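Below, in structure tokens: the form predicted on its own, a single chain.
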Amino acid sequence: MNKIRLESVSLSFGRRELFKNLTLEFSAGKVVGVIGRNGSGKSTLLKLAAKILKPDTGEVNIHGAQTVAAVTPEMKIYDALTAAENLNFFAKLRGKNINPAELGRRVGVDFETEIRAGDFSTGMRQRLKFAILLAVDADVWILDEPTSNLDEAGREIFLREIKSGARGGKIILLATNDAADLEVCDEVIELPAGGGDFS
């Protein structure tokens, strides 16, 4: 079974110790929510799990799973490209053949529009990011505040697709402070405000 294991992980930024002796395991087929106050390390924990960040000490091992994709505030889409051009660009990077019309129906994006992504609303940009995540079909989903800037219809779409991804055997890590997002979570990890010892 695909899983991610963090073993005795510690990480500091300057003099601030964010994690100490953190040991966690994330398994395929589950949505794990990560909650906590701003600055508690939610986004950092997701980046550690995805091996985007390297811990000061300890190990992060991804067993079985080979690919990671994310929807985060830092995820860049190309403003000068249309939705379809963005989607095709990122799918080709991962060697994926896609059906834009099907993805469009699933997430509520018109991939036939000639409007450039730079003119999209924040909610539509978020939908496009999620369509890209679905298109690359990664084993691990890193979702950082994925329902931010979405209306109720968009939120329902995201949560439905997250549930479907878990049923399909994805490892899904979801950082959020929105109680509605937690309804799809199988487990919830609450980080202390100031970081600390997890031993």
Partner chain sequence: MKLSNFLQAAAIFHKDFLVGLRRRAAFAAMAMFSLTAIASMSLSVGGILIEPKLLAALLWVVIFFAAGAGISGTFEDEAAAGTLATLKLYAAPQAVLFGKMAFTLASLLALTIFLLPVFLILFDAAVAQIFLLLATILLGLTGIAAAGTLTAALTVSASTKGGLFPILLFPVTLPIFLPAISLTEAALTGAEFAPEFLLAMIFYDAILTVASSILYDFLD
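The structure presented is a predicted model; accordingly, all values stated were derived computationally and were not measured. Numbering follows the first chain given and starts at 1.
The protein also exists as the form predicted together with its partner chain; that form is not presented, and the subsequent description refers to it.
Undergrad: Is Ile77 close enough to its partner chain in the model of the complex to count, meaning some heavy atom within 4.5 Å?
TA: Yes.
Undergrad: Does at least one non-hydrogen atom of Thr82 fall within 4.5 angstroms of its partner chain in the model of the complex?
TA: Yes.
Undergrad: Flag Leu173 as yes or no: does it have a non-hydrogen atom within 4.5 angstroms of any non-hydrogen atom of its partner chain in the model of the complex?
TA: Leu173 lies outside the contact set for its partner chain.
Undergrad: Is Leu93 close enough to touch its partner chain in the model of the complex, meaning at least one heavy atom pair within 4.5 Å?
TA: Close contact exists here: in the model of the complex, Leu93 approaches its partner chain to within 4.5 Å, heavy atoms only.
Undergrad: Counting heavy atoms only and using a 4.5 Å cut-off, do Phe26, Ala49 and Cys185 all touch its partner chain in the model of the complex?
TA: Checking in the model of the complex: none of Phe26, Ala49 and Cys185 is within 4.5 Å of its partner chain.
Undergrad: Between Leu159, Val32, Ala70, Leu150, only one gets a heavy atom within 4.5 angstroms of its partner chain in the model of the complex; which residue is that?
TA: It is Ala70 that has a heavy atom within 4.5 Å of the partner.
Undergrad: Only one of Val136, Ala166, Val60, Ala65 gets a heavy atom within 4.5 Å of its partner chain in the model of the complex. Which one?
TA: Filtering the options by heavy-atom distance leaves Val136.
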